[in-house]
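This document starts with one chain, in the form predicted alone, laid out as structure tokens.
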């Protein structure tokens, strides 16, 4: 059965019991906290690297816990957690994970925890727990209290844990503090577990309406149609084709300091029809026109396709552009193209002629140009 993630709140309740003092709350609710703080407030929807994504707030006063979530609610998040902030030094942070494997429970441990742990795999020690004797070994070598390791193993058995990651783990005066914990459980165990139920499985952020529309469209075709909204008020929009080329183009924008301006990411590939490409492009254009950015650039780009017909897909994009041309001009939009593949010469010629006629032309390149040519030009426009 597939593994699913529990909310951090419930995972800590299982592991720490009444010793856990965190409070879970949802949009529209005011958490009841003890004292004035400071507190840590964070999104509790199974999101990794929350600190780097701005989904965690430190040093929050008790009266500010609700206001700290306002921006996150705007991004579609609805479930949060507030905990007392633990004064500690970064040198006290540890990393530990437990995972059910064929031979027992595998333990990974590092004396330097925190958000940069993945960059230092050489500092991670590996242990395997097969029986009680192994628990003592792990406790001695890591400094993690024997009783806590036993409680973790009990949760693996009684609550059907498949994986537990604690990062960072802080031990002060022999007391365990789980600053961040992630738990995966066997999804079928919701009928047998005592410490959690289906309501404790994480709820993902609500999809943006444009994402939902593209997801529905993708279900009707064997082609690949994907859309992720990153910054609804961004100035750099993508109509990308092909996974590898898409990554290169998006990375170029990040390297040139425009990462925060990327509004969307996704792709159309796998030979979509003209109609399917038209419907997909319309969702991107509607997203672009809703942005508050004073001027915007649309990058239509990708690698050299094997069988996705450039003429056909560009026909669909032009159909969508025709509907939105007036609004795009009013929004100071310029279009930049780099594409290659079957019928690229005819497709690029038609696209260039259309963009020039509609006064939307930025630049148009074929497969003889560097793959990042269009996005480079688009960024120059946005920075000008």
Partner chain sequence: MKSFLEQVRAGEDGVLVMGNHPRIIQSMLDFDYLSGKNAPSVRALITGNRKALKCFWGKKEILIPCYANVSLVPEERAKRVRWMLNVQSGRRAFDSTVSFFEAFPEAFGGTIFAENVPEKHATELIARYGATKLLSGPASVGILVPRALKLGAIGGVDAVQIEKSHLTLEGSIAVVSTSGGMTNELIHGVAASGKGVSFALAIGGDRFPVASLSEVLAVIENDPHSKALAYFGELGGVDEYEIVELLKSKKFTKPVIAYIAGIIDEAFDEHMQFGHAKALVARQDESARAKREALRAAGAIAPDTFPEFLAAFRKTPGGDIVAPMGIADDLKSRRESILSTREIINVDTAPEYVKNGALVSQTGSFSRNILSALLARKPKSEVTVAFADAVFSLLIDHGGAVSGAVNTMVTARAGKDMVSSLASGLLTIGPRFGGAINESARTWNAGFASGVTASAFVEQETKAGRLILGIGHKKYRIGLLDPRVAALSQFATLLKNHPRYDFARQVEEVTTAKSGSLILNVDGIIASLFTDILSECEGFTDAELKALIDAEFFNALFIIPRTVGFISHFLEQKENDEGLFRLPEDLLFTRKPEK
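The model shown is predicted, which means the values in this text are computed figures rather than measured ones. Numbering follows the first chain given and starts at 1.
The following text describes the form predicted in complex with the partner chain, which does not appear among the structures shown.
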| query | finding |
| --- | --- |
| Proximity to the partner chain in the predicted bound form (heavy atom, within 4.5 Å), stretch among 72 to 80, 164 to 172, 287 to 295, 93 to 101 | 93 to 101 |
| Exercise: residue 283 in contact with the partner chain in the predicted bound form, heavy atom 4.5 Å | no |
| Residue 123: touches the partner chain in the predicted bound form, heavy atom cutoff 4.5 angstroms | no |
| Contact test in the predicted bound form: residue 208 vs the partner chain, heavy atoms, 4.5 Å | no |
| Partner proximity in the predicted bound form: residue 240 to the partner chain, non-hydrogen atom cutoff 4.5 Å | no |
| 247, 198, 212, 128 - the one with a heavy atom within 4.5 Å of the partner chain in the predicted bound form | 247 |
| Partner-contacting position among 62, 331, 342, 46 - heavy atom within 4.5 Å of the partner chain in the predicted bound form | 342 |
| The partner chain in the predicted bound form - contacting residues of 220 to 240, heavy atom within 4.5 Å | 226, 228, 230 |
| Pairwise C-alpha change, residue 74 versus residue 253, in the predicted bound form against this form - closer or farther, 3 angstroms or more | farther |
